[in-house]
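Given as structure tokens, the chain that follows is alone and in the form predicted on its own.
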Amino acid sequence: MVPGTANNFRSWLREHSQLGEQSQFSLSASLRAPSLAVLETEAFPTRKAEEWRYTPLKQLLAQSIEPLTGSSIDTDLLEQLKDSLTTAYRLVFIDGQFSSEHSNKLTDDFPAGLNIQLMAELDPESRQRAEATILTSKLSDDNIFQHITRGLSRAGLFIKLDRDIEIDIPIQIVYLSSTNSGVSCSTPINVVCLEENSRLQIVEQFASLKGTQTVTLPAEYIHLKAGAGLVLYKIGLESEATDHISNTSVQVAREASFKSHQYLLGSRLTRSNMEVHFSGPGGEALLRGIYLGDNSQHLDVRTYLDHAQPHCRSDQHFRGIMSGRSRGVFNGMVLVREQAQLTDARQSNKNLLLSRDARVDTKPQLEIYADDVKCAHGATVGELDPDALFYLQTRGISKPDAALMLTRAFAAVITQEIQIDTLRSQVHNEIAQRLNQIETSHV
């Protein structure tokens, strides 16, 4: 069967779910089967479901997915992404497919102890480990999009780092959409396993040129063993014709550390679902993020932290900047189970509205069943401080420039935590460019 143009996303899903094993899928048939059964139901979440009440899917489901013809990549954009990291182990996917031309060699370009393979080409031992990681991962929001990726993915990476190894050079994974006339769909799946006391940094960049139409449905499954540490950066630079729904499941073992940075600056619809489960005492999770929207963009961040072990710490800080008729969503849950004594959990969400038609829905939540804990959460939604604007104007700064300075400072509280200098500069520049294009209604 050769897939053709589907008149909507449901028909595309139906057609691709019937592809046989002649297609080289990322996962084995036994692991794909339960997900394919879920796809048969076509049970997409509606806004009646609490976890999806702010996320409209009507436009995504109406997309006509087309086979790629005559597509080409923008080499300037690719070089800009490469330049954001002066030194990196680089892996590039174009329209969801691995590009050996633009990537490091998978066979011999990595240091001892770091094993990176394509999911569709795993050796038997690595496949057993990767698929066991997926099977033991948890998502409280077990949505259909996770199963679309599990069932249909033909691209992705298995990254494994041996115990007691620290890699200083980051792994850069670029997902680039080509310039094409149709609407493409990509479903990359990544599995990351860090053994005891290992350390790694991963930078994921999703990008496309203005007007490029894509549906991107990545899934990521991360297991950190005792004492391991992972820093994960996700930079969203896709066009405003892109729909992006991601699911990330992280398991943090005894005294392991997970740090996540999300900078969501593009796409028409973004839904980022990240869940962290503490499987051993003394673990740590720090989550940081910025979502910046204009026009009619919809940026939705959901986090779920399951404190199932004692002596664990989590710290979340997300900031939203919304203009035009855009809409931002923060839905954060911290669950502290009865046995998770001496938990330290903090959650903060602050939002800045730059136009009267912009909107933010924020819902930080704590659900606590232990009695010896330190937990706090808070959220704010507001406009620029008029006193601060007036003060800058008295110093000879025009009102538009003063507003821009204050907005940049609002974002810099988060971006200054990026530990890679060149990446921090890229994110600063991307935010500055977008803010320069925004016309605020109060200026």
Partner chain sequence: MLSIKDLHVSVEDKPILNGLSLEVKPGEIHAIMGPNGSGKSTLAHVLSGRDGYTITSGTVQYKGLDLLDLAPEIRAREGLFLAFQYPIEIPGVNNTSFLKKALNEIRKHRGEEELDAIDFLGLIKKQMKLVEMKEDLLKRPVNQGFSGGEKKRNEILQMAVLNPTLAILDETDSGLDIDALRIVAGGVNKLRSESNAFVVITHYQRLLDYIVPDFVHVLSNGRIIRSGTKELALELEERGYDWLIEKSETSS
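Positions refer to the first chain, counted from 1. Keep in mind it's a predicted model, so treat the numbers as computed, not measured.
We do not show the form predicted together with the partner chain, though everything after this point is about it.
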Which of 372-380, 31-39, 395-403, 57-65 has heavy atoms within 4.5 Å of the partner chain in the predicted complex? 395-403
At the 4.5 Å heavy atom threshold, is A49 in contact with the partner chain in the predicted complex? no
Would you please decide whether A409 lies within 4.5 angstroms of the partner chain in the predicted complex, comparing each non-hydrogen atom pair? yes
When the contact criterion is heavy atoms within 4.5 Å, does A388 count as touching the partner chain in the predicted complex? yes
